[in-house]
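Only one chain is included here, represented as structure tokens and corresponding to the form predicted on its own.
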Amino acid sequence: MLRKLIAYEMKAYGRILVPIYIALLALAAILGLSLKFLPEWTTQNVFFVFAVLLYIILLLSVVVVTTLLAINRYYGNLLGREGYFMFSLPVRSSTLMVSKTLSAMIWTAFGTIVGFAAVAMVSIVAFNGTDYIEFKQALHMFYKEIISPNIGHVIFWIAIMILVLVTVIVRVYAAVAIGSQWSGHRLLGSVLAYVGIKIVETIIASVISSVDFLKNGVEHLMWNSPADVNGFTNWRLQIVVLAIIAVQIVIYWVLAWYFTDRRLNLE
């Protein structure tokens, strides 16, 4: 059932995001070819400037639309009128939440890849032969000198970035679930809940940084010595960051699950 739910979510996202991805990549290719083959004076043409603005808007819309869809798919499907249908399915509410979270993660990853591809496409297509060879050599050198010797740390940091994404998603879900308790002002309640969550995070971070024994304890866990400043290859730092993120995910997930499952307040 989880696979069917994810497939349903993927289709719902895809109907809106795939056309944006295609338009963005097509426009990136057109801009790259324009920079490569058209005379320099054409880059000052009003239509070229308009195309650049549209390219930037599409880049931003990948982020904005994906975020709005993730919120709407959770709020509309589970806490809105569609919730009457969704909660009649023979699955647990936690399974519904997992399908929403995984789908949001997958499409955010797709959007990130497409965004980088669009930026790279403009540069690569616009390169002439010599520039392209130098670009490839720079990439090869970067991989050989930075990535390859530290592949374990690279994988670990990628995992951390994925979990940070999960944290952002479940934090929003928790805020929306809490805000749904405000029958007449759900949007305002969700915004206030999110602000309240961030304030609590800030207070906890301030307390830890201001209390000496807590601050020293965290620094002792994170660093091998005071002189150790290479955070990228510091396993202690990575493990502490991973633990902090894991705690956040658990807390936000429990909040979202509790208000969605035990205190459900449908429209």
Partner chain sequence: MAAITCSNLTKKFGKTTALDHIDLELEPGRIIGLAGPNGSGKTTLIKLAQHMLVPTEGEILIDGKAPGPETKAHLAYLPDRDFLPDWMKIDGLVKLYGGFYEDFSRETAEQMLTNLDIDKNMVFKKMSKGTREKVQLILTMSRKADVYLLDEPIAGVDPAARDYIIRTIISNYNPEALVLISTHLISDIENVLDEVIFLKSGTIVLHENTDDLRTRMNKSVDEYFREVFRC
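Owing to the predicted nature of the structure, the values given are computational and were not obtained by experimental measurement. Positions refer to the first chain, counted from 1.
This protein has a second form, the form predicted in complex with the partner chain, left out of what is shown; the following refers to that one.
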May I ask whether 5, 81 and 88 each come within 4.5 Å of the partner chain in the predicted complex, counting any non-hydrogen atom? yes
Hey, in the predicted complex, does residue 12 get a heavy atom within 4.5 angstroms of the partner chain? yes
How about residue 136 - does it come within 4.5 Å of the partner chain in the predicted complex, if we only consider non-hydrogen atoms? no
Contact with the partner chain in the predicted complex for residue 144, defined as at least one heavy atom pair within 4.5 Å: yes or no? no
Applying a 4.5 Å heavy atom distance criterion, does residue 185 contact the partner chain in the predicted complex? no
Counting any heavy atom within 4.5 Å as contact, can you tell me which stretch out of 145 to 153, 117 to 125, 88 to 96, 170 to 178 lines the partner chain in the predicted complex? 88 to 96
Residues in 248 to 264 that come within 4.5 Å of the partner chain in the predicted complex by at least one heavy atom, in order, are 261, 262, 264
